[in-house]
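Before any questions on how it binds or moves, here is one chain, the form predicted alone, in structure tokens.
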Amino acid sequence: MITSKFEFRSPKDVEEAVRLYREFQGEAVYLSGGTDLVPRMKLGLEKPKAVIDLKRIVPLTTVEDQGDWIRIGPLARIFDLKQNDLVGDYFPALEASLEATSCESLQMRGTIGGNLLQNSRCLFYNQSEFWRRSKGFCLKMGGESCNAVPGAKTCFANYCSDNAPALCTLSAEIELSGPDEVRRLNLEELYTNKADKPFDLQPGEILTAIFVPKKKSIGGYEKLRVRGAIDYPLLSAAFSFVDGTGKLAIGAVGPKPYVVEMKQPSHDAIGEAVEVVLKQVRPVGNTVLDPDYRKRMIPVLAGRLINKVMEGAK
């Protein structure tokens, strides 16, 4: 598959990148590692007039200890991050999610920012343009209804980031730089809860930093997938225990990670947290696994992960 024609730009700083975005009147995309964007362009899901490559912007690639926070540049490669001592010492849930992301060859290319901002996925959406035209465009492509749930006026695509659930359990914050302002918000505020447009991003905004509180934690990450590598999660669970409080995040079964706080990770507390998630998720037949099976696996994956983490701490 071949992409549509586009112009290529490689700015030296964030300000130049934003200016270029405005120059192309919003018909441009930002490129980090490209492991999500390039396949989307080949499928015709993105047809930008310009691709703005951010890799020359050095501050977006670094990891810094800022005292109370660890600042992670969004262009830090996943392979490098999983070997970073700060990540390993403080954030085991994030480290585990990095290890579980795709395979090593793609980890050497993919970035954590790209993993966070990857678009939601669906078997009826991530197909060639010929296939999609034959089927008829869905809501996410500007059609009138969902193809996974015929007649539905809601998009059911899944947000399949491996790293986002782990970062949510660590109370991460992000910095966004755009044409009009620089804003900092909790990672959970990034999500709209709408699968067709999953992120609350203003036109031209760039993810310029990820901030994680510098606090020792215990935690982990597990995912359900068909193959042992490469595959996107069909269900994921992340858990971190920090300062006497636990956080559970369930991903890949909706438009965002579902995050629940747990004061104590007891058997009853795990059950209550899972019930909160189960009331929110609505898996449908838009992956290679049965939706009922994916939903039934939520308490299994969550319970197994939390028990493993807490037993390891003992």
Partner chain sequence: MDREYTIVGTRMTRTDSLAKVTGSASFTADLKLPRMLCAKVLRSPHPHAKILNIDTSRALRLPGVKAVVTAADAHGVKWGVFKYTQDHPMIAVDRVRYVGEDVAGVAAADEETALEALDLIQVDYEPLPAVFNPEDAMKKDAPLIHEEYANNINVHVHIEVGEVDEAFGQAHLVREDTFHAAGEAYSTLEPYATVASYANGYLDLWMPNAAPHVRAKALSNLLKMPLNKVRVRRINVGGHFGSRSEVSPGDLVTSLLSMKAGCPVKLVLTREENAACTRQVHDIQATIKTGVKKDGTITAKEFRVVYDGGAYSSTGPIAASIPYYVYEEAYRFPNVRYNGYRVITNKGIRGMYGAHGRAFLCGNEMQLDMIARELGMDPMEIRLKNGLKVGEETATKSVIISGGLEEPIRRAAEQANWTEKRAGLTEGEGIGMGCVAVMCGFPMGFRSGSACYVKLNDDGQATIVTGICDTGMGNESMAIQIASEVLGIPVEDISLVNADTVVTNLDPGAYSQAASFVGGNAVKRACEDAKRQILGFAATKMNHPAEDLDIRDRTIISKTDPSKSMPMRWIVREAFFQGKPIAATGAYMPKVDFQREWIKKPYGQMAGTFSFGCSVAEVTVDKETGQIRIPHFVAAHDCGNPINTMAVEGQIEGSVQQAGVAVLTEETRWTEGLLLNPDLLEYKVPLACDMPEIEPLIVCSNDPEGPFGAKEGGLTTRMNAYSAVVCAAHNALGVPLNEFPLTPDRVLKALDAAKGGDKS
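Here the structure is a predicted model, which means the values were calculated and not measured. Positions refer to the first chain, counted from 1.
Keep in mind that the form predicted in complex with its partner chain is missing from the display, and what follows is about it.
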| query | finding |
| --- | --- |
| In the predicted bound form, Arg77 touching its partner chain (heavy atom, 4.5 Å) | no |
| Proximity of Val14 to its partner chain in the predicted bound form, heavy atoms at 4.5 Å | no |
| Its partner chain contact in the predicted bound form: Asp200, any heavy atom under 4.5 Å | no |
| Non-hydrogen atom contact Asp231 with its partner chain in the predicted bound form at 4.5 angstroms | yes |
| Contact test, all of Leu123, Leu289 and Tyr293, partner its partner chain in the predicted bound form, heavy atom 4.5 Å | yes |
| In the predicted bound form, the residue from Lys153, Arg184, Lys216, Arg227 that sits within 4.5 Å of its partner chain by heavy atoms | Arg227 |
| Options 107 to 115, 127 to 135, 83 to 91, 206 to 214; stretch whose heavy atom lies within 4.5 Å of its partner chain in the predicted bound form | 127 to 135 |
| Partner contacts for 2 to 16, taking its partner chain in the predicted bound form and a 4.5 Å heavy atom cut-off | Ile2, Lys5 |
